[in-house]
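Taking the form predicted alone, here's one chain by itself in structure tokens.
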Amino acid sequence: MGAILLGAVMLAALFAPWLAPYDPIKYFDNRNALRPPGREFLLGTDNIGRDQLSRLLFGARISLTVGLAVEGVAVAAGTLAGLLAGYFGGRVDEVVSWLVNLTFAFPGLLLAIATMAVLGPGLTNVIVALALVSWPGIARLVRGEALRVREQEFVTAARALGARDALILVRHVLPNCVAPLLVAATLGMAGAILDESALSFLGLGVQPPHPSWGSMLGRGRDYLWAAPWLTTFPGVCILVTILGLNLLGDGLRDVLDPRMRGSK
């Protein structure tokens, strides 16, 4: 079910230029402002006459781009830091653990807001801010797996045969971290999309006229009673995407974790 929901959102984002009936940025008509859903505008229009359906379709591109980019950076940085800390220990572990604990000392969204206040609004800065918040969780997960794997017999045998640390990390330690990493990245992508929506809702994320589900929610709150479709449809899009990613993450955990398979 998670894969179906996420696949539908991805297909909508991929084929947005062909599915959107109007240009999401250039088309607007004040005469059609706040039109309710109907035959001409399936999901209605906003306060300046822009088609909601077109903007939602292109907004899916921004949300998925942010989710993939944030988790890509977070997984790369967190995996490297976690592998080095867990395998080598000592001073490296102390430095990485200190950075992770320092980041966890602040609420994630609050730290992202503070970072955006320094960097300024924009899509690239949103990705940087959310990656800064996301990598410590990946690092802590990988560090725990590396601590477990480095004591296994096959790692000891590889050292006895003269294998270098870099080779052991790549061929023996990292493959054992892939399964939990996939689950964490899937769930983390859901969190990144939700945080991007929150930043855009506050006016710190993607800036107009580019469509973002969060910014559409933020503008629609001024017309909550007069035009409820302005907040309902973006909220549903966020809900479906987050639900799909969470269900997919839970399914991957059940499939990839032998202990979960044994409990069925």
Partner chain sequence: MLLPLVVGITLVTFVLMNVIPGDPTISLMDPKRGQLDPQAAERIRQRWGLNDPAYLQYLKFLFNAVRGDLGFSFRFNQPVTRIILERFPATLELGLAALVIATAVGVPGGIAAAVRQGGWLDASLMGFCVAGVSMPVFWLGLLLMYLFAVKLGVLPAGGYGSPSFLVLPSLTLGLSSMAMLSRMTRSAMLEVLRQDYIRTARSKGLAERVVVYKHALRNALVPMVTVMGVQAGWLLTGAVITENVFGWPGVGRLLVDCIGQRDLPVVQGCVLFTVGMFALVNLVVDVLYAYIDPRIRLGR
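Because the structure is a prediction, the values reported are computed rather than measured. Positions refer to the first chain, counted from 1.
Not pictured, yet referred to below: the form predicted together with the partner chain.
Novice: In terms of non-hydrogen atoms within 4.5 angstroms, which of the given stretches 94-102, 76-84, 156-164, 139-147 touches the partner chain in the predicted bound form?
Specialist: Heavy atoms within 4.5 Å of the partner chain in the predicted bound form occur in 94-102.
Novice: Mind checking whether each of 238, 243 and 246 has a heavy atom within 4.5 Å of the partner chain in the predicted bound form?
Specialist: Verified in the predicted bound form; spot residues all in contact, yes.
Novice: Of the residues 182, 127, 169, 194, which one places a heavy atom within 4.5 Å of the partner chain in the predicted bound form?
Specialist: The residue in contact is 194.
Novice: Flag residue 69 as yes or no: does it have a non-hydrogen atom within 4.5 angstroms of any non-hydrogen atom of the partner chain in the predicted bound form?
Specialist: Contact with the partner chain, no.
Novice: Using a 4.5 angstroms cut-off on non-hydrogen atoms, would residue 90 count as touching the partner chain in the predicted bound form?
Specialist: Contact check for residue 90: no, nothing within 4.5 Å of the partner chain in the predicted bound form.
Novice: Examine residue 109 and determine whether its closest non-hydrogen atom to the partner chain in the predicted bound form is within 4.5 angstroms.
Specialist: Residue 109: contacts the partner chain in the predicted bound form.
Novice: Mark residue 201 yes when one of its heavy atoms lies within 4.5 Å of a heavy atom of the partner chain in the predicted bound form, and no otherwise.
Specialist: Yes, residue 201 is a contact residue.
Novice: Residue by residue through 134-164, which ones have a non-hydrogen atom no more than 4.5 angstroms from the partner chain in the predicted bound form?
Specialist: If the 4.5 Å heavy-atom criterion is applied to the partner chain in the predicted bound form, 134-164 yields nothing.
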